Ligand SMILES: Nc1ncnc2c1ncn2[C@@H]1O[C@H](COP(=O)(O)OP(=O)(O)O)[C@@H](O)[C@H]1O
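Coming up is one lone chain in structure tokens, specifically the form predicted alone.
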């Protein structure tokens, strides 16, 4: 029985896509974008999902909020399969699961004003009975995300805003329905470096106000650590979660060789430490083709601790190694 404080849970989740080879008559090949993933988020919890581009982070996030239907496995919202919900139950889930997309230039409707973009969800779910109440809420949301004066921004089109301002509009739209679960997909990647900390702090403040759960997707370990300082970090590699645990435990005591290699590549501001710290040398720099991954553990062809006859035979399962720390590696 799922715990009552678990908002969303993925159980043995697999998402398969078709990959077509070159040419009109090219053959289609199935590959796993997400494979056998288990992940749960409690009320008000933050989980940072870290991994290289193309490892399946965004696919997992979109599957969790019902934008992509899984090939197998389940996504449970308070214990109920989201693909079996209907009527009021589905409407409730749809309102409570929101996403903030990576690209603020593509995620906002180009011919709609900021007021219409933010208020659309409120109208659809009939949260307010009058246009006056909706307008008041839009003004409140714009103020919360730091777009002042709100009356100035309400009648602007997306092309009249900067990238940081657009992302704040996207955040206002996502929180307009007071969601219980938000997927934040690489939301600071396309934002100027000087503005990133402001966006992250804004989201952390909103998390406290709304008590929402966040799946924070990023390829930047520093950003993941900052945002999920009091939560957990999950490491993803070629569709599999290979390590997950409390943020401090993952950062200070990484176990999976892939996690160690990611952390060893994080820039260090102290030049002395940068010279003395040990780098993890991989057997191969380039990741394998996701359509044709290596047998067994998908990291086996790059892992410096590769065990022949074991790592290349069967993919290891996530095992508990202490506290709430799990790792999928034969070394443990």
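The model shown is predicted, which means the values in this text are computed figures rather than measured ones. Positions refer to the first chain, counted from 1.
Below, we turn to the form predicted together with the named molecule, even though it does not appear here.
Residue 290 belongs to the set of residues with a heavy atom inside 4.5 Å of the named molecule in the model of the complex. In the model of the complex, the named molecule sits within 4.5 Å of a heavy atom of residue 56. For the chain shown alone, residue 314 is not a contact residue for the named molecule in the model of the complex, no non-hydrogen atom being within 4.5 angstroms.
At least one heavy atom of residue 31 is located within 4.5 Å of the named molecule in the model of the complex.
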